[in-house]
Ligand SMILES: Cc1cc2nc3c(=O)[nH]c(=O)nc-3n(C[C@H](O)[C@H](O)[C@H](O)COP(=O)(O)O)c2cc1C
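Single chain ahead, written as structure tokens, the form predicted alone.
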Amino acid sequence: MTVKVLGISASPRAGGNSDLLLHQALAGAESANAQVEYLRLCDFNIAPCIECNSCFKTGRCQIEDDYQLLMKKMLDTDRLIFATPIFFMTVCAQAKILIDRCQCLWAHKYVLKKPLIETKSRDRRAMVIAVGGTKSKKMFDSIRLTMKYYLDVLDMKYAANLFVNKMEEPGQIEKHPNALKEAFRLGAELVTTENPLPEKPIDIELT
């Protein structure tokens, strides 16, 4: 069966560094015979969570916008590659809005105790790409924690990270062949199930 891979680019800048790495990761997944889909959050209308808590009773978000389409794609896919630039030491606003809207999935799963995925045995895995511009060694700490809980809500196994820092200029990542190579490699490896899933996500940090 063909593995479906969804790539979500949270970058507000088309062709930004995290966006370019995502394309490389999807190319790697495609080289492993996966069916890939790329989407950019800026192309969708997603309102922020209003904390009405109606999802605690229904398991659904009452705000009607493009989130419903994105939610279906996230739940239908076998693999997810999520790419974000780092703003103020965390995910960018576009990423956080999508993640916060997944509160309805948290309610569905943990308040209403209903399964999100019909077949619990499905092998669903995710990879995270993040690019920042500072020298701080703590830059990726918030990313790891936020994505851990986001992926838990999606019933996805957190398989790998690719983090690159000291990237300020648009397209600068193209002068970092090792980062592009790692994105391609990790994208391809995300598709395969030959190797057992590690207990902790594979962590690649580059400068």
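Only a predicted model underlies this, so the values are computations on that prediction, with no experimental measurement involved. The first residue of the sequence shown is number 1, and the count goes up from there.
Not on display, but discussed next: the form predicted together with the ligand.
Q: Heavy atoms within 4.5 Å of the ligand in the predicted bound form: which stretch in 58-66, 27-35, 145-153, 160-168 meets that?
A: Residues of 160-168 come within 4.5 Å of the partner.
Q: Answer with one of L105, I86, L98, A126: the residue that has a non-hydrogen atom within 4.5 Å of the ligand in the predicted bound form.
A: The residue in contact is I86.
Q: Quick one: does R185 come within 4.5 Å of the ligand in the predicted bound form, counting heavy atoms only?
A: Contact with the ligand, no.
Q: Does any part of I81 reach within 4.5 Å of the ligand in the predicted bound form? Heavy atoms only, please.
A: I81: no, not in contact with the ligand in the predicted bound form.
Q: So, in the predicted bound form, is M139 in contact with the ligand at a 4.5 angstroms heavy atom limit?
A: M139: contacts the ligand in the predicted bound form.
Q: Listed by sequence position, which residues of 3-21 have a non-hydrogen atom within 4.5 angstroms of the ligand in the predicted bound form?
A: Sequence-ordered list: S11, R13, G16, N17, S18, D19.
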